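Before any questions on binding or motion, here is one chain by itself as structure tokens, the form predicted on its own.
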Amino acid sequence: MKPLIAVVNILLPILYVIAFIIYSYDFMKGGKKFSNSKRLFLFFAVIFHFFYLLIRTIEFNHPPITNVFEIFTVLAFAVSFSYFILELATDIRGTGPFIIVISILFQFISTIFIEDLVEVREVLRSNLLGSHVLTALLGYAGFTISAVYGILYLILFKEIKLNKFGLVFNRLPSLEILEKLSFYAAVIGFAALTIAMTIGTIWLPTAFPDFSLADPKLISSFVVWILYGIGIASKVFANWQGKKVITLSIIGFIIAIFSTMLTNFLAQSFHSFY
């Protein structure tokens, strides 16, 4: 199966680049020539990527979470999958290039540097841990997409304020729709992170009986979860609108990335498996 894994690994970034080109062409031309086919192609790329993750798991007898470049391919999948679900739910198809380029970046790095590890720590063979990591990455993928839509919102807001009605104004959805997309992506991220934390709560005491609730990764994840929970509740119950919601989404994303980098590279945590 290893030759098949190697071939699929090479094809994945190519598929994402083709999807990016199709979405970008439609964005630049403003037509609907590939309106349905581009979604179908993205669906094929996502399914193909899922197949790749599945055969890696079967062949090497562990979820693809044993090194940073395996994590990168899972993250590329998480971003594309989250965007596909969002596009399917909203039927808004014009923002694909801004999201798919993220998957291209992570998948290209993974394709070049990924290692096929057979001998790994026993804890990394846990399918429950694999589910925990996958849903956590889906959560952060949702937050990333939410932040991208937030940035697009601010760009369009500035263009309108300056009375510039060019390509950005003509091609991007309205401010109201961008705000909704950012909110929906944040909801997807929050739901996925909630599932990840629930799985972690079940798995953690079994894998690490002497774990500490003061673990930096646990604290940072909880802070991010609380922050997005407050933002979503404020939008739903306090009727927050416009730049206030967008700013909170971007700030939440910055805190999530900063805390992840800080806990991964500077702090000691039982999450550090390799």
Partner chain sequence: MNLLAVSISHHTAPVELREAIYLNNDEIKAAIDGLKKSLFNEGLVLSTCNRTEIYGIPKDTNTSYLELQKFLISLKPVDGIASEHFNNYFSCGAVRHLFKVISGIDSLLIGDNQIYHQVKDSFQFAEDLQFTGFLMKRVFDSAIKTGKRAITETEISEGAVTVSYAAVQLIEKIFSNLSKKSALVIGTGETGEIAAKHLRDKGIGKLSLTNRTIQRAEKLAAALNAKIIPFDNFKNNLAEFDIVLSATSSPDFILSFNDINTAMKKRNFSPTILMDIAVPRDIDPKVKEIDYVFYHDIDSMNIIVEQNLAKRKMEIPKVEKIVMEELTAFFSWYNSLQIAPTIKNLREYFEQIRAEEVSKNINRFSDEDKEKLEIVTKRIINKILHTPTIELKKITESGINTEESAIKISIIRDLFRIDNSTDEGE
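Numbering follows the first chain given and starts at 1. Keep in mind that what you see is a predicted model, and the values were worked out from it rather than measured.
Same protein, other form: the form predicted in complex with its partner chain, not shown, and the subject of what follows.
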{"item": "Contact test in the predicted complex: residue 229 vs its partner chain, heavy atoms, 4.5 Å", "value": "no"}
{"item": "Touches its partner chain in the predicted complex: residue 170 (any heavy atom, 4.5 Å)", "value": "yes"}
{"item": "Heavy atom of residue 242 within 4.5 Å of its partner chain in the predicted complex", "value": "yes"}
{"item": "Residue contact check: residue 121 to its partner chain in the predicted complex, 4.5 Å heavy atom", "value": "no"}
{"item": "Among the candidates 147, 199, 104, 156, the residue which, in the predicted complex, approaches its partner chain to within 4.5 Å (heavy atoms)", "value": "156"}
{"item": "Single option in 128, 151, 191, 175 placed near its partner chain in the predicted complex, where near means a heavy atom within 4.5 Å", "value": "175"}
{"item": "Among 175-183, 107-115, 129-137, 79-87, the region lying within 4.5 Å of its partner chain in the predicted complex by heavy atom distance", "value": "175-183"}
